[in-house]
Every structure is written in C-alpha cells, then in structure tokens.
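Only one chain comes next, encoded as structure tokens, the form predicted on its own.
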C-alpha cells in the first residue's frame, strides 16, 4: 500500500510539473488597434456593434490555429490590448456596410501595432441633421451611394446608448426607398415619442440616421449619433 501511495505521489508531481511547463508561456503583451476608414473621405465608417464588423485573425505557427475576433466599435475603431506578439493573417473583411475586401493581409504584431482598413462604404450619409421640438425628433440628410444597387431603406433610430442602430433601438422611424437615389435629394424622417412608453420625458437619448443598400449580408451605414433630451412636457 505504501508503494502505491508513493507511486501516486510521484505521478501527481510529474503531472503538476508538466502542467507548469505547458502553462509557462509569456503573457500577451502586444496590442492591435485601428479603424475602418472611408477610402474617399478618410473618415471612420460608423457601424453597428451588434452583428457588425469584426476583425478576424489567424496566428501563424500553429498546425490548427483558431480564428481570433476583434469587434469593431460603433465609431468604426477597434482595439485589442491582449495580443501575443507574432505574425498573423487577417481574413478579408466581408460582412459589413462596405464593399467586401478580397485580399488576405499579413501583419506583424509587436508592441502597439496600428492597422487601418480603407474600404468603400455602400452609402455615405451627407449633411445629417437631427433636431428636437417637443416630443418630435426630425432628421434631415442626403445620401450618396457608391454602388449601382438600390437603397433599400432609411431609418431614424433612438436608444439610451450611443450604440443605437437597427439591432439596438427603443424606437424607429423608417421608410422604404428601393430605388437608386439622387445625391441632391433631401430626406426627412420624423419620430414622435409622445405616446412611446420606452422614452421617458426629461431624460436624454441618442438618435442616429441609417441607410441600408440592397446587397446580400449588407449592414446599415450610419451618421454619428446625436444626444438629445426629451423635454418634460407634463410640467
């Protein structure tokens, strides 16, 4: 019995030693950051944070590496401060509100690495303006589409979060377009939150203009969100 106990002790010690050896890797000490940038205007491409654009990477040096993902923020920027230094392949960005990319990119991540992606957004929202009068929120804007496909729909979205958009909204005013638009045409959307219980008088909300192209797997293009306070008309 004593011999069996000694054997178990030795086996456990060997397992613990091997586990320490396997886990004795240097902690991630590099970062990758950047933005999805409009290739014409140089501005960040606004997007959704839910089901929006993701940066997908594969680290070199492994036989069956897993795909790593970094979620792009609503303002079009991204950042991951927990990266291992090394060489990575970046899978072409496809699902989003821009013309899909086709080329795989190789990036060497070391220290603070910055990588921007220049893309062609499907739609640019021009001269966006959102105002409030009582409980009525009015959005005016023009659209510039960069592909021949029809504009499917336009929308005005409201939510407490600045990440407001199609998948994150308390209220929405939309209009079907289903046509190629004239870039000089001014669109107007009016949302009245007077009887909407999700909007509380006297509190602030974020509102954002969006438009989506008629392309498979396309997401909404957006203008920056605007923060407005709904006046307390009960007083």
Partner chain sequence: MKLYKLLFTASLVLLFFGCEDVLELEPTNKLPAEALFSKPEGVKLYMANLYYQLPVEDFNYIHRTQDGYTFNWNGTNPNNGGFVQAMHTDIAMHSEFAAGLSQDNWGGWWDDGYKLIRDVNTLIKVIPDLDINEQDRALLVGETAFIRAYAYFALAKRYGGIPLIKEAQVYTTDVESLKVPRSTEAETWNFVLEECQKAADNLLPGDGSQRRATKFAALALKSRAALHAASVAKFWNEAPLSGEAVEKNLVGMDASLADGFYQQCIQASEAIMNSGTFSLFRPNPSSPEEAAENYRQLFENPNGAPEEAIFIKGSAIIGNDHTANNYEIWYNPNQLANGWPHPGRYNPTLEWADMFEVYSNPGVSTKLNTVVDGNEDYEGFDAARDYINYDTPHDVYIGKDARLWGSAILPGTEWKNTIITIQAGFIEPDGTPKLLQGGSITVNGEKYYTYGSASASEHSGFNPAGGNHTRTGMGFKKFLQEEIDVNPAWNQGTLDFMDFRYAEILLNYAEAVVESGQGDQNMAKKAINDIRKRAGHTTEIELSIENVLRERTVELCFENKRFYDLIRRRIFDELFNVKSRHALLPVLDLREDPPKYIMVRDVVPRSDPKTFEPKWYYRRIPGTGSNGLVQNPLY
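Computed from a prediction, not measured in an experiment: that's the story for all the values here. Positions refer to the first chain, counted from 1.
There is another form of this protein, the form predicted in complex with its partner chain, and it is not shown here; the text below is about that form.
- The stretch from 75-83, 132-140, 93-101, 112-120 that comes within 4.5 Å of its partner chain in the predicted bound form, counting heavy atoms only, is 93-101.
- Checking 40, 69, 184, 176 against its partner chain in the predicted bound form, a heavy atom within 4.5 Å turns up for just one residue: 69.
- Its partner chain is not drawn, but in the predicted bound form it has no heavy atom within 4.5 Å of residue 34.
- When contacts are judged by a 4.5 Å heavy atom cut-off, residue 196 counts as touching its partner chain in the predicted bound form.
- Taking the partner from elsewhere, residue 59 is found to have every heavy atom lying beyond 4.5 Å of its partner chain in the predicted bound form.
- Contact check for residue 46: no non-hydrogen atom falls within 4.5 Å of its partner chain in the predicted bound form.
- Residues of 214-228 placing a heavy atom within 4.5 Å of its partner chain in the predicted bound form, in sequence order: 216, 217.
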